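Shown next as structure tokens: one chain only, the form predicted on its own.
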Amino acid sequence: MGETGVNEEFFARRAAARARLDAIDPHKRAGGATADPQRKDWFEAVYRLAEGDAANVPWANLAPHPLLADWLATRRLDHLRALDIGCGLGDNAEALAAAGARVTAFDLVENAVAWAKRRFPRSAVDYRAADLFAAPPEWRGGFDLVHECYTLQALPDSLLDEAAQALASLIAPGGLLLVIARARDEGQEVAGPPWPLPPSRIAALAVGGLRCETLEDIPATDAMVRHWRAAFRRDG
């Protein structure tokens, strides 16, 4: 099925897809996480089963995330080296490029990268398949802006310390890590995945020479659940 607009019928297909994907997600079952700790097999299944329909990819809304779009509305990124983590179908990466950045974008799943390239065939974004936990050595300290939206909340808590270190390692001196994630209170029980992040997990991103520059606790609206938007700066 080809790409379509986002409308009520799109979200009806999405609801059905979510139910199907939850049914095959080992992290939805007690003890199932050991079978797929980084959820790679499940993410690959998402894109394989989508069969070209973005409604079947739960995080693909065919537009940049509203909190990224809002952040970009007040700044330019001309000539900055930017990295988009877990790029999916490419909308956030394209928004960063439109703001002037020289963007590299990667996803764990090769099918996602291929889909993004099909959607944006004349894009200046360098789309690649890569693993946050085994990033190319040349990326170390290589980016003025690293954008992370929804990857952390898709990982089990046991991987978040390692993920924080991996993110910090990518940022150049003076560079910025921008994180957008669903939020929850400390100690609040959630039935993930996804797992909204508590304040302690946001604070724990200040590693590897990063310090928290801004932290926004954005309340829920009719259109969006509660979110964090946090920026971490590496002094340099």
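Because the structure is a prediction, the values reported are computed rather than measured. Each residue number is its position in the shown sequence, starting from 1.
Keep in mind that the form predicted in complex with a small molecule is missing from the display, and what follows is about it.
Not one of Asn56, Ala105 and Ala114 comes within 4.5 Å of the small molecule in the predicted complex, counting any heavy atom. For Trp71, no non-hydrogen atom is located within 4.5 Å of the small molecule in the predicted complex, even though that partner is not displayed.
Although the partner is absent here, Gly86 sits close enough that one of its heavy atoms falls within 4.5 Å of the small molecule in the predicted complex. Interface membership of Asp131, defined by any non-hydrogen atom within 4.5 Å of the small molecule in the predicted complex, is confirmed. At least one heavy atom of Gln38 is located within 4.5 Å of the small molecule in the predicted complex. For the small molecule in the predicted complex, the listed stretch (167-175, 26-34, 207-215, 42-50) containing residues with heavy atoms inside 4.5 Å is 42-50.
Interface residue among Val125, Ala99, Val109, Leu80 relative to the small molecule in the predicted complex, by the heavy atom within 4.5 Å criterion: Val109. Checked against the small molecule in the predicted complex, the residues Leu160, Leu145, Ala154, Ala95 give one hit for a heavy atom within 4.5 Å, which is Ala154.
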